[in-house]
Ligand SMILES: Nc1ncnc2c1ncn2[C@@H]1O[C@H](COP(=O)(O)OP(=O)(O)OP(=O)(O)O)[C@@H](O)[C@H]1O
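Next up: a single chain in structure tokens, the form predicted alone.
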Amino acid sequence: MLERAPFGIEALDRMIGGGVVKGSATVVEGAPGTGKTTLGMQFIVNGIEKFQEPGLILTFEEFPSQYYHDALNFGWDLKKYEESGMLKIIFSDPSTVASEVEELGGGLETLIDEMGIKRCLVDSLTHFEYAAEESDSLREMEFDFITSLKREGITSLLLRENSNLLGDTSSLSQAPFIADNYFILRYVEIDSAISKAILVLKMRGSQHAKDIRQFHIAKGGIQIMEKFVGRQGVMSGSPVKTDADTFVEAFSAFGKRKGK
């Protein structure tokens, strides 16, 4: 039986069979403000608090001080976890981090071994696209980086920015297809108001729920709500859909187009 790494979010863990497979890589994609970083921090914090799994945050966007500040809004004291040796936050650039992760016996591998790191949040994978000169080098960089994390036995969450609020993207990144799992966070319109939705589009070698769930961000982090059953427009990069099943088909078609 496959060992699981739960998010510690009950409804989400039910959707994915108890958690992602330990040692797997998960891409979480969404537009700005959809909650990617919050979900990532929650994965790390619950790993520490509920499952005693030390965590690593690799950030290319925010200084550790910003992470400390943002996490406190949810009641998470990241500095305390660092002081106890259960967390390390590293601010760097993607090229440096990629080379350090890939280097056998390097400083980052030593840190991972010494701390017993089990979970890693990468914020965000989008910066690899800025570092790569062309699509072939981007794919190679993403593949080597993700493979190196898996080699260390780390369960990783790799955030990926999608600046298009309607969901489609012209990115050359192949990370969603290199990774084992692919989650999408989206804005949707319900009764002329904007809500947020989460969809598990892919889990390699593992069953998962196919429905789209509403979620909101509260004091304790992300809370997964009921599935979509209404009939309002859905922002999915396709013509407005009026049925949740059609919404699933739209996302599936999006994935197939990207895989060509």
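Values in this document were obtained by computation on a predicted structure and should not be read as measured data. So that there is no doubt, residue numbering starts at 1 and follows the sequence shown.
What comes next is about the form predicted in complex with this ligand, which does not appear here.
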Listed residue that, although this ligand is not shown, lies within 4.5 Å of it in the predicted complex (heavy atoms), from 73, 110, 84, 137:
73
To verify the annotation, which of these, 201, 209, 217, 225, has a non-hydrogen atom within 4.5 Å of this ligand in the predicted complex?
217
Residue-level contact is defined here as any heavy atom of the residue lying within 4.5 Å of this ligand in the predicted complex; does residue 64 satisfy this criterion?
no
Heavy atoms within 4.5 Å of this ligand in the predicted complex: does residue 180 have any?
no
Would you classify residue 129 as touching this ligand in the predicted complex, given a 4.5 Å non-hydrogen atom cut-off?
no
At the 4.5 Å heavy atom threshold, is residue 32 in contact with this ligand in the predicted complex?
yes
Residues within 4.5 Å of this ligand in the predicted complex, restricted to 194-209 and counted by heavy atom:
196
